[in-house]
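We begin with a single chain expressed as structure tokens, specifically the form predicted on its own.
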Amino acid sequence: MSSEEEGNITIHVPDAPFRPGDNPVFDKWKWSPDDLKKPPIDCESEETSAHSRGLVRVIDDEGMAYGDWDPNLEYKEILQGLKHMVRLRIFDDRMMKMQRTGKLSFYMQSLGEECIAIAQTMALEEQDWIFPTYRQPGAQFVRGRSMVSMICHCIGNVEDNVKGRQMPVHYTYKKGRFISISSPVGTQFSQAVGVALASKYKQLNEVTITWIGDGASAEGDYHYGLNFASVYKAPVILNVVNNHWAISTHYNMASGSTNFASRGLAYEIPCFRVDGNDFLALYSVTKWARERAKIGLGATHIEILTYRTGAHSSSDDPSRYRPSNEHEFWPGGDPIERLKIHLIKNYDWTDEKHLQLENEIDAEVILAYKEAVKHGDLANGPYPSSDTIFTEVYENVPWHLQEQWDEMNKWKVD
């Protein structure tokens, strides 16, 4: 190669397929619910190669459920899933309005992704551990947490169970084994593997589930988690939520491949790519992975294919980096609408019942907010004590922290 030709070599920097002002076009999905068979629980990772490059579905574009992955849930279970999803969407909408009117400092919605944590947590057992990232708060509804408690945390009043130590929506729920959400993305992946190994060491019937975003999967924590899970056969379910966007960065910046699921095959872990807006498919694959982990066969790696319909957070403006109507062209549709159509076509559910459900939940959220602010609001408090900066870390406070604590108390205003 000549020096002149060498001078023309450039670094390839991917760009998002569509930017503001473009007309987004997505290919219609070619995958059907009967494409992929359910492999044996004790299968080798190579037997899931097709599952990692295809797409596991149960509910088709017309709302019908079929195929080998259909979990054949009872109507009441599916309806419970729908109720949790509607509850999360309305809760998110109300909390975002509160943030816009100055009643919350910060918020993050799960818009378009409500199905994920709800379907997957419903497929688990109550003793299983949950290591979430930002858009899995719906798991707390499945585990029974009240909206009042969640709102108190978001406001940061005296009933905030985190006692002001975390940003809003960085939930933790001890009773539900819902581990604290972390602002540094990716850390939960390797932590989840560690807890899973501890459960295995203690010979407990406990499985751990965790999620990481497509962007964070470019970090070392993702690979550390996969490697440890592979070597030690940890009872853990490792999910990559491919919602297309890491804040304003398209998923093509996170990997040179358009497929995230198959990356786990190199670690000899069974891998699946799942329709993230299909409640039944997510439930079924998670149930499969839990059964495999329970009998000591180790981890399962799952790519959840979805689309982040809303902004990254209340501090983000997605109209600056993608078409505002891009989500309308996403072939995966809306998870709530898809499950609603499935229930209407196959069970005793109607548009009228759905509207009634939405109205009831909206009233429930408003009532929960009114109850939460009895313990303090963002503008006026009361807030958690500043003493909590120093408490609940050490059994005996070290001398150097005690000195700082004493210094703070000199200046404290009651």
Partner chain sequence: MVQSVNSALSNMLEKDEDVILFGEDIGYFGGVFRTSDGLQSKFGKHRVFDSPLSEGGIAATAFGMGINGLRPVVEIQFADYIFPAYDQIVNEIAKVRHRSGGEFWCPVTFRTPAGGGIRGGHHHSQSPESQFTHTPGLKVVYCSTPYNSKGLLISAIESNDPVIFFEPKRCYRGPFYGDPHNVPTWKGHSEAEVPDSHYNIPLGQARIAKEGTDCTVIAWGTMVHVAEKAIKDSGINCELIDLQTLIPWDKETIVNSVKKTGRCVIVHEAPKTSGFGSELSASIQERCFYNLESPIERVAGWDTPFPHTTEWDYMPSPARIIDAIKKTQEE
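All figures in this text were calculated on a predicted structure; none of them were measured in a lab. Positions refer to the first chain, counted from 1.
One more form of this protein should be noted, the form predicted in complex with the partner chain, which is absent from this view; the next part is about it.
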### Task
Could you confirm whether Asp316 comes within 4.5 Å of the partner chain in the model of the complex, counting heavy atoms only?
yes
Margin query: So in the model of the complex, is the partner chain close enough to Trp129 to count as touching (4.5 Å, heavy atoms)?
Written below: yes
- Distance check, Ser386 to the partner chain in the model of the complex, heavy atom within 4.5 Å: yes
Point to revise | Distance check, Lys294 to the partner chain in the model of the complex, heavy atom within 4.5 Å | key: no
Contact with the partner chain in the model of the complex, heavy atom within 4.5 Å, among Ile336, Leu73, Met167, Leu343 goes to Met167
Answer key, the partner chain contact in the model of the complex at 4.5 Å (heavy atoms) among Thr309, Gln80, Thr249, Thr133: the residue is Thr249
**Item:** Pro17, Leu111 and Tyr347 each touching the partner chain in the model of the complex (heavy atom, 4.5 Å)
**Value:** no
Among 92-100, 325-333, 211-219, 112-120, the stretch whose residues bring a heavy atom within 4.5 Å of the partner chain in the model of the complex is 211-219
Contact check, 171-197 vs the partner chain in the model of the complex, heavy atom within 4.5 Å, ordered by sequence, gives Thr172, Tyr173, Lys174, Phe178, Ile179, Ser180, Ile181, Ser182, Ser183, Pro184, Val185, Thr187, Ser190, Gln191, Gly194, Val195, Leu197
